[in-house]
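Okay, so here's just one chain, in structure tokens, the form predicted alone.
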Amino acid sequence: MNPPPQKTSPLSRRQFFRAGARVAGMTGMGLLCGILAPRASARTTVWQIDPAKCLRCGRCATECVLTQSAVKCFHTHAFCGYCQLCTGYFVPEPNGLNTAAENQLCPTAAIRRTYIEDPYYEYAIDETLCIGCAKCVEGCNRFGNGSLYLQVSQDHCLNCNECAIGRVCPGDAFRRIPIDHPYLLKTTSH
């Protein structure tokens, strides 16, 4: 013989909404964990350019998925000669050794030249203007001491699963490095 069915009281409106809120909250937490878990593990490395392998081909300026490339020129001041005639700043055979646009190698005027004392000048990169074209890097490496080089700015990079620039890089200079050391800074002059 089966026991008689127990009479359950209907849920109050407050109890119904509390139960619904708990279910919705738990579902939301599960979805959030499912979305963030793969991203957390993917963010242990970032894309970077090996300065020793970079061929200064100019593709960093045009192949990035961003409108303005995440690749920027970096400057190791310890290698810089602070030259009056900087081959990373001036076009070959400039009209004059001044900051006039026709004398500058950079198409966006991203390199600032500041007088220190005769015959020394300091050069600084304005990252907001730099497009990663590598013209200054080529000039500095060809005729100078290699103090200018390209790096992926981690403040701008989307850290794509497959880097669009790395896919077409002729020097195979793009590689994944640990996120806790996101830059491959030059330690010796080339």
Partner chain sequence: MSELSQPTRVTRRRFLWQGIAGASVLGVMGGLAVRAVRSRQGAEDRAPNPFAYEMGHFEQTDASLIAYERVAGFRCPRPDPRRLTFDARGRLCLAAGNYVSLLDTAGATLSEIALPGPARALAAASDGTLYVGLRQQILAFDAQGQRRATWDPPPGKPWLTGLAVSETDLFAADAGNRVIHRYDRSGKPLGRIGERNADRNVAGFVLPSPFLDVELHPDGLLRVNNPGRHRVEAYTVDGHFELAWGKATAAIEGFCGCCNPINLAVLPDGRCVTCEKGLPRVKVYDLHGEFESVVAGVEAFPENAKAGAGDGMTDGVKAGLDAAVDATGRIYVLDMVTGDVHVMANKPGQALAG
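If you're wondering where the values come from, they're calculated on a predicted model, not measured in any experiment. Residue numbers count along the first chain shown, from 1.
Although it is not shown, the form predicted in complex with the partner chain is what the next lines describe.
Visitor: Using heavy atoms and a 4.5 Å limit, would one call I165 a contact residue for the partner chain in the model of the complex?
Guide: Looking in the model of the complex, residue contacts with the partner chain do not include I165, since no heavy atom lies within 4.5 Å.
Visitor: Contact between L129 and the partner chain in the model of the complex at 4.5 Å, heavy atoms?
Guide: No, L129 is distant from the partner.
Visitor: Is L85 near the partner chain? Define near as a heavy atom within 4.5 Å, in the model of the complex.
Guide: Because a heavy atom of L85 falls inside 4.5 Å of the partner chain in the model of the complex, the answer is yes.
Visitor: Taking the partner chain as it sits in the model of the complex, is G96 in contact with it (heavy atom to heavy atom, 4.5 Å or less)?
Guide: Because no heavy atom of G96 falls inside 4.5 Å of the partner chain in the model of the complex, the answer is no.
Visitor: Enumerate the residues of 141-163 that have a non-hydrogen atom within 4.5 Å of the partner chain in the model of the complex, in sequence order, or give none.
Guide: The stretch touches the partner through N141, R142, F143, G144, N145, G146.
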